[in-house]
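Below you'll find only one chain, the form predicted alone, shown as structure tokens.
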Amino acid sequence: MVAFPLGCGTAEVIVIGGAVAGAATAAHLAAAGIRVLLLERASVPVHKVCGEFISPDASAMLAELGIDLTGAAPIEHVRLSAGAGRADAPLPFRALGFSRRLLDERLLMRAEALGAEVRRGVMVRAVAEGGGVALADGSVLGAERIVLATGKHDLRGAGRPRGTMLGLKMHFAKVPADLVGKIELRLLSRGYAGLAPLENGRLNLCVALERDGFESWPALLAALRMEGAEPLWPRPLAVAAIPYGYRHRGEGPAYRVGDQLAVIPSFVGDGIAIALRSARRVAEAIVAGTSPATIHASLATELAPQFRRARMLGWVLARPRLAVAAARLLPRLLASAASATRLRFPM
């Protein structure tokens, strides 16, 4: 095994993946004086399949890292809809809409500013036997600790259970007037779609759909009543087999953060907050010498109530007419659901 140069000496930690969880972990480790190398497979900033909803908890953790969210779209209301039925309510907090391509890049730049080494365009093939990581070019890099932060994409030898949901995402040129300052959850027969405003007046559409319920992109847009919206990309981004409800509890060869640790259903809108929380907790565990199994078990326990509430809410949302009728009858239910699925442990 070959160790990599990092100025002088050998790095203590390799972080695989430079999205929210990986970049935040590297930033926390570097701030603590740990020698860290982050390997990101994309050579330039890219979009990710994500609802791009920044909750107050996520905003606070980003501010702690010195991340500027100036220009983000404010989100102060929520809408639940199914077919022609809809229910609106004010959110019990102020959230933000901010594109992942910008957020990930600012986190990577912050990690570098704090002293982490970031290498882009590096494809990791697997966690190597005996420690370290095997790269696609055949080389092996060694480190004392490995952090797995590959998001919704699994690394060979460190896979998660395969789910049945397909994730799709598209940005559109303009936010409709009735969605300014509002996030909408549109319920479908085999899944759901989230619509949220972003910086620069753009609209994000993110869909989670049972794979066998997907016919075509035009058919999906028609079902969502969005045929006339102006897309900003030639085709949607897609990711398959998302294991919603997954929480990692095992030892394994690496520390896990973000979606590699836990995948909460997208309708909750707290994935970014969980990624940031896990990044900080895992970084603290590495500094303290805590084992992966110990910190994974601790985080699984901390997240259990939030996942349980999400599962209960999912049961209701799987019955679109019932969900919308209940929300219209009792608008406070929407606000209560939004509050109930936030992080509930000390920040």
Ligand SMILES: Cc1cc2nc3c(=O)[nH]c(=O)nc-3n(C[C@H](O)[C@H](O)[C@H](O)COP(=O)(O)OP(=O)(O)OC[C@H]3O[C@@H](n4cnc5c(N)ncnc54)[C@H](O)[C@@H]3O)c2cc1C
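Please read all numbers here as calculations on a predicted model, not as lab measurements. A residue's number is simply how far along the shown sequence it sits, counting from 1.
Although not depicted, the form predicted in complex with the ligand is the subject of the following passage.
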For this session: Report yes if all three of Val49, His153 and Cys206 come within 4.5 Å of the ligand in the predicted bound form by some heavy atom, otherwise no.
Result: yes
Seminar exercise, completed: Answer among 247 to 255, 77 to 85, 227 to 235, 142 to 150 for heavy atoms within 4.5 Å of the ligand in the predicted bound form: the stretch 142 to 150
Problem set entry | One residue of Ala73, Ile242, Leu221, Leu185 in contact with the ligand, assessed in the predicted bound form (non-hydrogen atom, 4.5 angstroms) | Ile242
Exercise. Taking the ligand in the predicted bound form as the reference, which of Ala95, Val127, Val118, Val122 has a non-hydrogen atom within 4.5 Å?
Worked result: Val122
Exercise. Can any non-hydrogen atom of Phe307 be found within 4.5 angstroms of the ligand in the predicted bound form?
Worked result: no
Exercise. Are any of the heavy atoms in Ile16 no more than 4.5 Å from a heavy atom of the ligand in the predicted bound form?
Worked result: yes
Exercise. So in the predicted bound form, does any heavy atom of Arg311 sit within 4.5 Å of the ligand?
Worked result: no
Problem set entry | Residue contact check: Pro197 to the ligand in the predicted bound form, 4.5 Å heavy atom | no
